[in-house]
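Given as structure tokens, the chain that follows is alone and in the form predicted alone.
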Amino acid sequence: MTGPTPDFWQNLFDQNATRWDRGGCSPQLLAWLDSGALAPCRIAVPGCGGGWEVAELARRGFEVIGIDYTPAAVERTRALLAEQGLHAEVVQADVLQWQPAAPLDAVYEQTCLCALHPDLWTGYAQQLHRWVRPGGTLFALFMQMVRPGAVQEGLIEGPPYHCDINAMRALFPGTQWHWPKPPYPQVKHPNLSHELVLPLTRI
């Protein structure tokens, strides 16, 4: 397998080395929810990690599917839901293989793409296109993690991997997704760099 494996992520969870975890829901998801840009629907959260976003969506009446291939992430998400008396479907599965039982209205993509080795990005982008119904939305936060080795020597460094906007345009082309006009808002991350905010509508 190219890039990080389930065991790699499991070890990070076991060692409490999850520095990407804010300890709460992403402020951008809260902004989308509070503004009404994201209203209750059938939605998936691939790479759900600690489950903060899954829990928040469930609290607000969404039909949520959390997906992660790491046992610890699935356990944490289920435990968080149980602790808060919430319900959501949480699936242990590889996002490159999993398929929803019915098309999704939306996908919240924040931590999955940047955790996958770039060799796997094309397959993942194709999956997202299959999952989301026409007219549905990919609520994406593209991680910006420019590293000197990547710029100077072309090294592929991560995770998290840098989601260059030109690469994102190639992965999610305008023939398949409607792109808002730049510049794009930024969300600062307390432990990493920042993310670009892009809701993409499936054509």
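Don't overthink the numbering: it's just position in the shown sequence, from 1. Please read these numbers as outputs of a predicted model, since none were measured by experiment.
Separately, the form predicted together with a small molecule exists; it is not shown, and the next lines address it.
Asker: Find out whether any non-hydrogen atom of G158 is located within 4.5 angstroms of the small molecule in the predicted bound form, and reply yes or no.
Answerer: Result no; G158 lies far from the small molecule in the predicted bound form.
Asker: Is D94 a contact residue for the small molecule in the predicted bound form, using a 4.5 Å heavy atom cut-off?
Answerer: Although the small molecule is absent here, D94 would touch it in the predicted bound form, with heavy atoms inside 4.5 Å.
Asker: So, Y69 and the small molecule: in the predicted bound form, are they within 4.5 Å at any heavy atom pair?
Answerer: Flag for Y69 set to yes.
Asker: Please check if L116 has a heavy atom lying within 4.5 Å of any heavy atom of the small molecule in the predicted bound form.
Answerer: L116: yes, in contact with the small molecule in the predicted bound form.
Asker: Is it true that F13, W20 and T111, all three, sit within 4.5 Å of the small molecule in the predicted bound form, judged by heavy atoms?
Answerer: Judged in the predicted bound form, F13, W20 and T111 all sit within 4.5 Å of the small molecule.
Asker: Which one of these stretches, 172 to 180, 27 to 35, 47 to 55, 150 to 158, sits within 4.5 Å of the small molecule in the predicted bound form when only heavy atoms are counted?
Answerer: Contact-bearing stretch, as computed: 47 to 55.
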